[in-house]
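First, one chain by itself in structure tokens, the form predicted alone.
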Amino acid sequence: MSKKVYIETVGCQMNVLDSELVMASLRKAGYGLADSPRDADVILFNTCSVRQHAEDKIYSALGRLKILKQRHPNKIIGVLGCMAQKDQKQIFQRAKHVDLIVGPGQLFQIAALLQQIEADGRPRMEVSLGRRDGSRIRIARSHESFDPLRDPEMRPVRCQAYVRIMIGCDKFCTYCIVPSVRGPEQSRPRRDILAEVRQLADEGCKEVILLGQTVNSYRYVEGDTSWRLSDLLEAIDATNGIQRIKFVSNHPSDMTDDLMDAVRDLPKCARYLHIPAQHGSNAVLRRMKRGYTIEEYRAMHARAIESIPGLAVTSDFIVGFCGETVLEFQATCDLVRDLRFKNSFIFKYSERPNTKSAELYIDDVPNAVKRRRNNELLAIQNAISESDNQPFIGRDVEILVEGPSKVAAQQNDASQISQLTGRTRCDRIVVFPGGREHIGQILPIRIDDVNAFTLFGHLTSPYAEPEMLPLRT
């Protein structure tokens, strides 16, 4: 009987993809997938360090496993990913029952490290070099990702797959730990990406989501040719079997005209762009070292909306950043009201050790004020989202059916009729009643009702021509 691995993933899409790749490599080494820590021989946590809450969640989970480890000392407990790279030996100190620490640049070593621990019982740690621990070339090599073995069973949605087109980040926003834990920016070779997309299409994937910390800064030089993201999108668009393409997350400074033209002209590109603004005040943007003014962001957004019919734009915002005044916060509220994002991901500022903001600024906005501002901005965004969803009532939209809705997922799998969920080309979530045979299909849905987060509808004739929605979102 093969040994089993349980993986719990916290954080971004990069971590979801990393967990899939780790599990694929462990299957190749003879491991199976466990449903719970109790059933597993190896328990792995793939971690995030962007906010303190994510780290606290992992340390709490590790604490709960202490008794299980005492009762079953042969179980191997490991911490992977960004928190492993950031905290390193501190994890051993805080959770002495942990056996394995592996940074995101060393995940290819996990199978060999597990064999070593099984052989001698000694803990192992493999992490990449820090940003000041050598030349850029040496540091970059220590963060290189491993060959993309894929494992469909690990995908949250079988008809979708993430594809990493680059790793690392060189933007160095003052609040962000990612450049330290993910290393220098490196774009993958175009041929490797296209081969991976071809493999995914052969496995039945209909949608690929291209990932990068700043995905639109992708650039790969091969001989005299320089490949941009727009060139990559064009090549993926020509891949048989792939029907939709998305890419996240974008940096406002790299939203070039050729990229916007590709989103407009390529039939498989989703009419959806995630372009984090982070704040509405130039003074705060300078403290964040975002590299653009709010006037430049507004101009970029206007250019995108005007050039791409039916485009939906989403954003990220941080409230309560160091020194944020009432007027600076109101500038963010004004930006959200003016640009009417489809939705926004809003976060309270969380000071991260070893970032420039922790070094340069005092985290002086009280937590109660952060919470109040978070709720206020969220209420503004939710009202906009619900208002902008209203025109969809009575319209037909075309969705890729991803699977059971959250409600249906809790029901008996044997049920023939279920509530399903999918997304439109502009990334709106749609819920409708349908059979499980619809999962993975692209279908027309007529919208009957909406709220701020979801469109609700019913399946129309599969032969109906879906109405294109050139709505400003």
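Keep in mind the model is a prediction, meaning the values are calculated, not measured. Residues carry their position along the shown sequence, with the first being 1.
There is also a form predicted in complex with a small molecule; it is not shown, and the following applies to it.
Interface membership of residue 188, defined by any non-hydrogen atom within 4.5 Å of the small molecule in the predicted bound form, is ruled out. By the criterion of a heavy atom within 4.5 Å, residue 144 is excluded from the residues contacting the small molecule in the predicted bound form. Interface residue remark: residue 316 is counted as part of the site for the small molecule in the predicted bound form, having a heavy atom within 4.5 Å. Proximity of residue 162 to the small molecule in the predicted bound form falls outside the 4.5 Å heavy atom cutoff. Of the candidate stretches 63-71, 429-437, 30-38, 46-54, only 46-54 has residues whose heavy atoms lie within 4.5 Å of the small molecule in the predicted bound form. Checking 106, 385, 213, 85 for any heavy atom within 4.5 Å of the small molecule in the predicted bound form turns up a single hit: 213.
Checked against the small molecule in the predicted bound form, the candidates 281, 278, 344, 128 yield a single residue with a heavy atom inside 4.5 Å, and that residue is 278.
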